[in-house]
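So this first bit is one chain, no partners, the form predicted on its own, shown in structure tokens.
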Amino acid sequence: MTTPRLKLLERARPEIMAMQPYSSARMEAGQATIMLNANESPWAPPGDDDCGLNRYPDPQPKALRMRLADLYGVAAEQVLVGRGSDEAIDLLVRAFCREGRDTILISPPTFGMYAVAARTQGAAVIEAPLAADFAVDADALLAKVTDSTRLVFVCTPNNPTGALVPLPTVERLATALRDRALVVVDEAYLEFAGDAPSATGLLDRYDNVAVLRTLSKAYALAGARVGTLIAHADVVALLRRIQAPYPVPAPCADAALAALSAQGIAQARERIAILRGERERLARALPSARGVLAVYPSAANFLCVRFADAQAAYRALLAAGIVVRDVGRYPQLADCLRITIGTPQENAALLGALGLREAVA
């Protein structure tokens, strides 16, 4: 008896469904102990302390994949490990969007890589802007869906606004778009949102939901580039057809496993608690700074702040050796700066540079 194919895959590119995927040498190695199939060097490089860097890594490191599945409460076959969330975004667009024919749907202002990946692939980007309070307008978004829509991206907490998208809103989208489009929920900052539930809780009921997670933020591994896509096993298998043969370098996988050890998770939780406390501290203090017009509520590890003159504030901070992100180019965010929450000492320096020295003391 054959397992029925996921109906959503009818919306994927047919040429990718039909292609013969690349089979890497490491995938074919099995239990062999003498590796003569990958044209690798038989000797380790200088400084390699039993890391095996002369050998290609596992395409999907088993120990890491299992650990991530445990961390996010899903099955290992629902997990795709890659080079940060950016790779997963690119893979999704390449797998589902035909050039000049298919579209993605986003709600700006939001993370810019969704549009970059789509336009690189030649897919059109349809926009359903956020409401004035930066909430996702589900009615407006669904009204923009057409037969060409393949992917709907929802970023929660949203980057660069910090606003959280309620899970019922995500579920409404998944219900309305079942068998029509994949709802991609980007949860890169969810660890900073307290007890906000993950969209992974919808996977058992909605096979058209995919969730993006990353170790770059809460687990301090931005330099290792380890991200995870969590979705129906058939979607994961589809993306593996077009993923690079060896996406996760062995040292990066090792770093991720260390970060996800019991000690690493405990440390991450301690630091998350500090950053959440500092976020609230800055949110209370910044409205008193000269030229600050608004500090928007944030569930992420940053604040979006509107200034009377954002460029002047940016220059003043830069003169103090502090760089923040100018997000004024995004719709609805003119004169806004995105300020990452740093250490207590870094945040004190930020407040001081904005003329709040008494508040710091």
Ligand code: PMP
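Numbering starts at 1 and runs along the sequence shown. What you see is a predicted model; the values in this text were computed from it and never measured.
As for the form predicted in complex with the named molecule, it is not shown, yet the points below apply to it.
Would you say all of Y72, E191 and S198 touch the named molecule in the predicted complex, counting a heavy atom within 4.5 Å as a touch?
No.
Choose one stretch from 266-274, 152-160, 283-291, 115-123: the one whose residues place a heavy atom within 4.5 angstroms of the named molecule in the predicted complex.
Residues of 152-160 come within 4.5 Å of the partner.
Of these, R178, R225, R98, R240, which has a heavy atom no more than 4.5 Å from the named molecule in the predicted complex?
Flagged contact: R225.
Looking at E278, D254, D86, E127, which has any heavy atom no more than 4.5 Å from the named molecule in the predicted complex?
Answer to the contact question: D86.
Answer for T214 alone: is it within 4.5 Å of the named molecule in the predicted complex, judged on heavy atom distances?
T214: yes, in contact with the named molecule in the predicted complex.
Could you confirm whether F111 comes within 4.5 Å of the named molecule in the predicted complex, counting heavy atoms only?
Result yes; F111 sits at the interface with the named molecule in the predicted complex.
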